[in-house]
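Two forms of the same protein chain are encoded below as structure tokens; each is given separately, as structure 1 and structure 2.
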Structure 1
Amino acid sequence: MSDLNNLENRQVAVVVDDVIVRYPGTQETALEAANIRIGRGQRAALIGPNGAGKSTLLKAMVGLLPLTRGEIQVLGEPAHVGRHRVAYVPQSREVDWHFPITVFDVALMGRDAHLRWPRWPRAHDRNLAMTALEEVGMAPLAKRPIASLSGGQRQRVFIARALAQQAEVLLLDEPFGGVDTATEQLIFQLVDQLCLAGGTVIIATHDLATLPEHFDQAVILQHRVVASGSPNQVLDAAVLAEAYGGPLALLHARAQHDLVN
């Protein structure tokens, strides 16, 4: 695991400075005064209860949600500027799976940010899309409608779309929900490969047990940053109880802490 005490001395991939984000169309604050630093090559986890701001923060990082205050920089640029350098995989429930599109077409969408006028994909783009599908084991189903796939297969295809984009920062929102063990292991393998190559991966997850083995940094949210550091620092009973709230949560946090140590 990386020594996060020296993070300020490393090249930083994502900077979140004093950020406030409100839910669209309301005055309700989703995330308040968040300050986060994530270094290049890091595997970072966003954890916290439902509605804590994990998805909100990922969408803000890719420029899909406006900031009420503060600034987010990704690879030295404002979040909305360098979108082609950031790949975002939303939660499965946010995708219209009935849209008539094939597995290959979904993967090819990862090339959209790189296309020039008249914005038709070329042989190079198609090759990258197929290579990405091969990496996630979905090339044999390239011609299948996306709607016909299982949950784990769909997640693999959306990971392929992100790989085809060749982004330097990968944002995954709850990628392990409803997937099989083989798909989960594959995702972690791809994450490790991307980070070894210098990429940065940020994953919103509820699975605290995976933090020590698969992540270098963890950020725990509860409409604000409760804690940020190495997994062992964040997997503290008192910290988790503060995030999840109440005596019952404290017992749960202790159980999780004992499980992963």
Structure 2
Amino acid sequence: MSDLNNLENRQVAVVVDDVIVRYPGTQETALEAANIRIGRGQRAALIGPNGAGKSTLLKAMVGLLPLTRGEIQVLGEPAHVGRHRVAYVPQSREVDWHFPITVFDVALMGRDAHLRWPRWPRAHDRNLAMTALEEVGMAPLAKRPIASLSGGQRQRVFIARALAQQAEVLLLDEPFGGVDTATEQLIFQLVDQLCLAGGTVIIATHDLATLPEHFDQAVILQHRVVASGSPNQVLDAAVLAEAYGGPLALLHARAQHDLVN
């Protein structure tokens, strides 16, 4: 990004410029994101209905999906270059839950972002994995097989893996799906801590009610960027109507909005 001066580079964690992502082998556009800036230290929400391109954008940010056009920079580098500085927690259904692996070994995998072949973990890596498990309250279950956990516990383990990676940018794809209230509260609490320490967190969610309290910035997606700004700005009724397209969703969102304020 030649037009970005150094000052802006230091303040911006993620830059999305003129990006188009098409589904492989088709002309169908999954996402058209003209311009998104996520500031460093921000808690950012990607909002939108299912299939609006939230996951697509997160995947593009870690280089999992090729861009048809445009550019994404994370921490001043192209998406796939600085990936050890970015931790990504995908939607939980993309994992083999019957795999013979313990909670601790899953958390330890976060360290592999930094290890070189043959990637044998050192005591330092083990300590970080254990600390991360303590932070999410899963340390007592460290030796349990992953298959024996509940949905909320599994999500905690994956958050721990991301924490063990000690990334500067954390991407969470729908982390609250199938998760209990305690886990949801814990995730928000950890996000607050990370951002206070200078980290950046981007969460894909469709829960508008959490916006004002838990986020500094929000982007509404509906295959393109419908709105971007502070949570209260994007909760603007007209914007919601365009994204969700129904009066019911609009009323519901507005009621939540009024409740919080």
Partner chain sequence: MTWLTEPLQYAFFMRALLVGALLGVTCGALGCFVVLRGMAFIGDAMAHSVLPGVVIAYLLGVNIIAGAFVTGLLAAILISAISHTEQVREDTAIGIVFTGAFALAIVLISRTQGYVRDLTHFLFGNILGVAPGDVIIAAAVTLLVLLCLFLWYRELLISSFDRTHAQVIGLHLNWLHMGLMTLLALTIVSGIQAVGVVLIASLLVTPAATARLLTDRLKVMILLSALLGSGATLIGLYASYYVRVASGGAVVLTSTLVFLFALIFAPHKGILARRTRHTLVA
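Whichever C-alpha set is largest while still superposing within 1.5 Å between the two forms counts as the rigid core. Residue indices: 1-based, along structure 1. The structure presented is a predicted model; accordingly, all values stated were derived computationally and were not measured.
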(request) Assuming the other structure does not fit, state which one is the form predicted together with its partner chain. (result) 2
(message) Is residue 26 displaced by at least 2 Å at its C-alpha between structures 1 and 2 when the rigid core is overlaid?
(response) yes
(message) After core superposition, I'd like to know whether residue 120 moves between structures 1 and 2 (criterion: C-alpha shift of 2 angstroms or more).
(response) no
